[in-house]
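To begin, one chain is listed below as structure tokens, in the form predicted on its own.
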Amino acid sequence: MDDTSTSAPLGFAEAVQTVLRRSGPGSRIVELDIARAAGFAPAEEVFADVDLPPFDRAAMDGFAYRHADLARGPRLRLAGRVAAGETPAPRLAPGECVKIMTGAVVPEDADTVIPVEDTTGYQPRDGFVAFHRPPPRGANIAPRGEDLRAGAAVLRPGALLTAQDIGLLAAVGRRRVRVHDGPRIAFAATGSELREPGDPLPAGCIRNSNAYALWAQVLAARGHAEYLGLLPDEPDALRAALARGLAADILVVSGGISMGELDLVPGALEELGVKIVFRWVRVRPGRPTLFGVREREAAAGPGASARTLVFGLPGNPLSTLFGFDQYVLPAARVFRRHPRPAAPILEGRLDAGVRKKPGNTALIACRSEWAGSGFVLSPLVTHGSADIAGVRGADAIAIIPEEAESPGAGTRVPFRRLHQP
């Protein structure tokens, strides 16, 4: 199917791929303190400023000595002690050893460290240490530069920064690093019946839970959250707010996208120059899902173009929650140069049956657990797509193909992890 068609509903997998084809990497680069940089894609190469380790380092608590000195017998005179951070290390005369702590500088004259448990320890009455099981020459010493040589590349663009990377950056003296910035994501919930948390709740109104769930999802995706507020079912106010949102990299609207008299979002978006790519997906929950694109002037200057990706998600809380995870999150991952934009599809075994009619892909909130030979998925019981309380604890979405009937307990089904930033 041509991905510019808005008439016939798309299959669920096709809708996800359509979003990915229309998504593109961002161009903003920011410099972050390394403590905040995990999960971002690096935008520079970093090289080691020192050898790692920067000196011959003791790998065990024990005694440092010359291996050749044991030819005189398994006892050496204790000549001192060296702890981590102490320099210079004591020098050794023939037949001497020093007590040494893990991480300490090995004396220049020593070539081996014996663990303390393989000795009698220091005997004060005669000033000697007796060795029980001397190790081979060179044992228990991490030589200078064993892990990394000064000048070696420790970071290159292409993968997200992990905790290990952050530790390595610190080890080579870097406190800040240049990374590809996350997208600016504007979001709003529509509906005159909505009230903010903490405000009075008149009869017939409900609290605005969707925008705050979206807020959490945006921040988890390393995005910059721009809350547009509650949008009433009134054309002028709605259009003005959406126009502000279209200045962002991604605009997400919850509610107002179906076929009702007050579902004004699609028309307002088209008036603002958004080209709607699709409006319907063969999936439950979330059949009325809108995806569109608007070309805009980029911040880089006149003549430079960029695009805003626009997502309209159904107003039921589960549809908004799942829709962000399945469509918006992959687009955000492309923007920040995630090497795997779509979360991987895994397989698990249902421990209870679920009801489903053929014709739509079913997204089922589950808890997942590794059971030794594979994942077990426990479907959560909800009272429909408005039951946000029913999906607390869900960490996975089972994806039941549209052609399938209701799968029973024991059926193996594909699933994705929820909330994979």
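Quick note: we count residues from 1 along the sequence shown, nothing fancier. The structure presented is a predicted model; accordingly, all values stated were derived computationally and were not measured.
There is another form of the same protein, the form predicted in complex with adenosine monophosphate; it is not shown, and what comes next is about it.
Student: Since exactly one of Gly292, Gly223, Gly245, Pro314 fits, which has a heavy atom within 4.5 Å of adenosine monophosphate in the predicted bound form?
Tutor: Partner contact (heavy atom, 4.5 Å) among the options: Pro314.
Student: Between Ala83, Ala139, Ile206, Ala170, only one gets a heavy atom within 4.5 angstroms of adenosine monophosphate in the predicted bound form; which residue is that?
Tutor: The residue from Ala83, Ala139, Ile206, Ala170 that makes the contact is Ile206.
Student: Of the listed stretches (69-77, 162-170, 248-256, 89-97), which one has a non-hydrogen atom within 4.5 Å of adenosine monophosphate in the predicted bound form?
Tutor: Only one stretch passes the 4.5 Å heavy-atom test: 248-256.
Student: Is there a heavy atom of Asp147 lying 4.5 Å or less from a heavy atom of adenosine monophosphate in the predicted bound form?
Tutor: Outside the cut-off, so no.
Student: Under a 4.5 Å heavy atom criterion, is Ala189 part of the interface with adenosine monophosphate in the predicted bound form?
Tutor: Heavy-atom contact with adenosine monophosphate at 4.5 Å: present for Ala189.
Student: Please tell me whether any heavy atom belonging to Asn210 falls inside 4.5 Å of a heavy atom of adenosine monophosphate, as the geometry stands in the predicted bound form.
Tutor: Yes, Asn210 is a contact residue.
Student: Can you tell me if Leu194 lies within 4.5 angstroms of adenosine monophosphate in the predicted bound form, counting non-hydrogen atoms only?
Tutor: Answer yes; at least one heavy atom of Leu194 falls within 4.5 Å of adenosine monophosphate in the predicted bound form.
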